[in-house]
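First, one chain by itself: the form predicted on its own, in structure tokens.
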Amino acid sequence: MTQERQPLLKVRDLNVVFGSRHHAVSAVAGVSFDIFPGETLGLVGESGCGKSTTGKALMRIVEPSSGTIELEGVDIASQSGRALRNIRTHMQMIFQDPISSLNPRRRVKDIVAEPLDCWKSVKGTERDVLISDLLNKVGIDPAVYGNRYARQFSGGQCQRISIARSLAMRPKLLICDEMVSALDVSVQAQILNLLEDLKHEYGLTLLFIAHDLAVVKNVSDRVAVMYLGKICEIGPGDSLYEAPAHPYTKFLLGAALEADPDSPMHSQVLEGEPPSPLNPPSGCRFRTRCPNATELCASEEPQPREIAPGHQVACHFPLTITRK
């Protein structure tokens, strides 16, 4: 018998609620997923669905209201003080805005060295060699640019510096929060190729948060689709894109722009606006925009169920799946 592969990160029933008791916003509502060593899990959805809040909650930048976040069996959500600081060295986050995520008054080499200096893990010549190596890895010449300030760099260069900083402590998990959405398309491709190379070189595991479905498809092993604080579908990237099982996933894919001028136009359009998280619909949160909704969808919340190996959907009436 072969031993079942254990997830690096296990998230169960994660909830994040903002505001007071009378005006509470449920930004993340009962989210559960696993990320296995060496894989990339893509997290997609409309703006405001809770993707970035989920990523920040994993790092405890935003405090979870309830739920468990286990990294190699240790519950991050229950840690505090030095224990939390220790476990955070195994997780790093790359933020959406590469320019504002770097201190404009600090030199590039000092920005990359900051995690090392905080933990005093390496010093002297070893520290300088490591910083130079990280900058070289991301395509920034330390001899030319190491003493320049962050404000002197473009968005793509700042994101490369952010990647170098995130690798300083040799993390196991990288959370990439819309890391290429603010960059030009040509620069996006360069950053994504760099990230893929570094993933294999350093043995990284990635949570890749984005709203661009084409980008997510190219970089992810599995994809989770989020709507109004909940994950409605999760599965292998190829099968989810070829045959989506949740109506929202189908609409989301239909709205994606194709570079092929001969590709067929999608006639179905998702009507209406997402409901307010202050007062989400009863039952299925997507039912107010779903053409297949029935009374069951209003009275009973659908629970995730496996419809194919590794493919789960939270829908009472999943779409027919055809496999090639």
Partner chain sequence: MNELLEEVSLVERPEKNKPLGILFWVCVGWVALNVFGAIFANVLPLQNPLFENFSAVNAGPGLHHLFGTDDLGRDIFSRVVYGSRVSIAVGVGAMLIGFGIGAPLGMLAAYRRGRFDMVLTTVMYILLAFPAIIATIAVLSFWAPRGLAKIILVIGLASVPLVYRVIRTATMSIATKDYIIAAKVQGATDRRILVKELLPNVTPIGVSFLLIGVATVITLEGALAFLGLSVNPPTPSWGNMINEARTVMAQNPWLVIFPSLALCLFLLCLNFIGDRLRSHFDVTEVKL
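Please read all numbers here as calculations on a predicted model, not as lab measurements. Numbering follows the first chain given and starts at 1.
Omitted here: the form predicted in complex with the partner chain. The next part is about that form.
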property: Candidate site 31, 36 and 72: all three near the partner chain in the predicted complex by heavy atom within 4.5 Å; result: no
property: Sole residue of 171, 244, 142, 115 within 4.5 Å of the partner chain in the predicted complex, by heavy atom; result: 115
property: Residue contact check: residue 128 to the partner chain in the predicted complex, 4.5 Å heavy atom; result: no
property: Residue 119: touches the partner chain in the predicted complex, heavy atom cutoff 4.5 angstroms; result: yes
property: Contact label in the predicted complex: residue 165 to the partner chain, heavy atom within 4.5 Å; result: yes
property: 4.5 angstroms heavy atom contact with the partner chain in the predicted complex for residue 104; result: yes
property: Within 4.5 Å of the partner chain in the predicted complex: residues from 47-78 (heavy atom criterion); result: 59, 61
